[in-house]
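Okay, here we've got a single chain as structure tokens, the form predicted on its own, with questions on binding and movement later.
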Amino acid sequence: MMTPTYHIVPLADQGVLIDCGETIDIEVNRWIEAAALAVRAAGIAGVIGIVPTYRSLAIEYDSATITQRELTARLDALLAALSVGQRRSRRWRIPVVYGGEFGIDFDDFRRRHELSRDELIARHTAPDYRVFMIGFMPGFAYLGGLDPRLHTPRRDSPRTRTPAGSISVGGQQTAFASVEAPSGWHLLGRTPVRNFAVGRTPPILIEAGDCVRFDAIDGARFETLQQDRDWLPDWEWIESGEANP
């Protein structure tokens, strides 16, 4: 792929941002992922934090170890040699209960799009979604690859509280939440998966660059999985090119 246009700009007093603009694009996101992996692998002395987003990469550093000018020069050289190719990623299978008390916007959402219950579930569970980024709240996964038929503007009135594990749609994306949080997205269902858990190693299961596929389950299965403290979702290795954009 072609290298996107980027700028390295200061981020507060001990950070820099590799900024690729404002567009959400699968190829830009793949480049950001590759850049994050390259910076980690380089082991630059003084770099203490790396946070990839849709189209930017935030890097925190210790100014007592490396100056901003030195870090920027290292990053420029690293990015000039960056190559983005195929790589293995994880495809997670995330169980979801759709509708009812688990997805309070489900019926309004399907009527809005003139879909039956089964049609909406089929469309939402069909893609392999790319995890563009983890953010907003701990473990909140922003997913790209939503069926264009399901693109929907966010709610006019956000809710101040939505349940942990909520599966939702906002704009051209779908997402799943790990913790209870405010949200203006449409709630379609809920999963027993908690992408973030204090005391677990690692605390975040699903990372940027992974893929997610949803599997519909019923309420009884949800309760069984939620009560099993040792249960974790299944995953498999795939080539990065297999996932839908």
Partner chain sequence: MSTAMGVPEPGAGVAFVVEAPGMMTTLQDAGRLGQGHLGLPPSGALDGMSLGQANALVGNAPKPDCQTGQPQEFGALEITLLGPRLRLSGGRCVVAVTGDAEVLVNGRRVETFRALALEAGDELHVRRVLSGARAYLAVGGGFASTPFLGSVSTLVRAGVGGFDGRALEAGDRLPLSDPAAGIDHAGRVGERHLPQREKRPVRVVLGPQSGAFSHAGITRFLTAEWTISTLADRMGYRLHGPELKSAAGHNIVSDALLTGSVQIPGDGRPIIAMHDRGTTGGYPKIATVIRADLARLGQMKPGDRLRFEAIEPAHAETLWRGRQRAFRRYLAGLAT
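Just so you know, these numbers come straight off a predicted model, no measurement behind them. Residue numbers count along the first chain shown, from 1.
One more form of this protein exists, namely the form predicted together with the partner chain; it is left out here, but the text below deals with it.
For residue 13, a non-hydrogen atom is located within 4.5 Å of the partner chain in the model of the complex, even though that partner is not displayed.
In the model of the complex, none of the heavy atoms of residue 213 sits within 4.5 Å of a heavy atom of the partner chain.
In the model of the complex, residue 183 stays away from the partner chain, with no heavy atom inside 4.5 Å.
Among residues of the shown chain, residue 27 is not one whose heavy atoms approach the partner chain to within 4.5 Å in the model of the complex.
Contact annotation for the candidate site: 48, 61 and 64 all lie close to the partner chain in the model of the complex (heavy atom within 4.5 Å).
134 is the sole member of 164, 169, 134, 120 with a non-hydrogen atom lying within 4.5 angstroms of the partner chain in the model of the complex. For the partner-free chain shown, 196, 198, 203, 204 of 191 to 225 come within 4.5 angstroms of the partner chain in the model of the complex, judged by any non-hydrogen atom.
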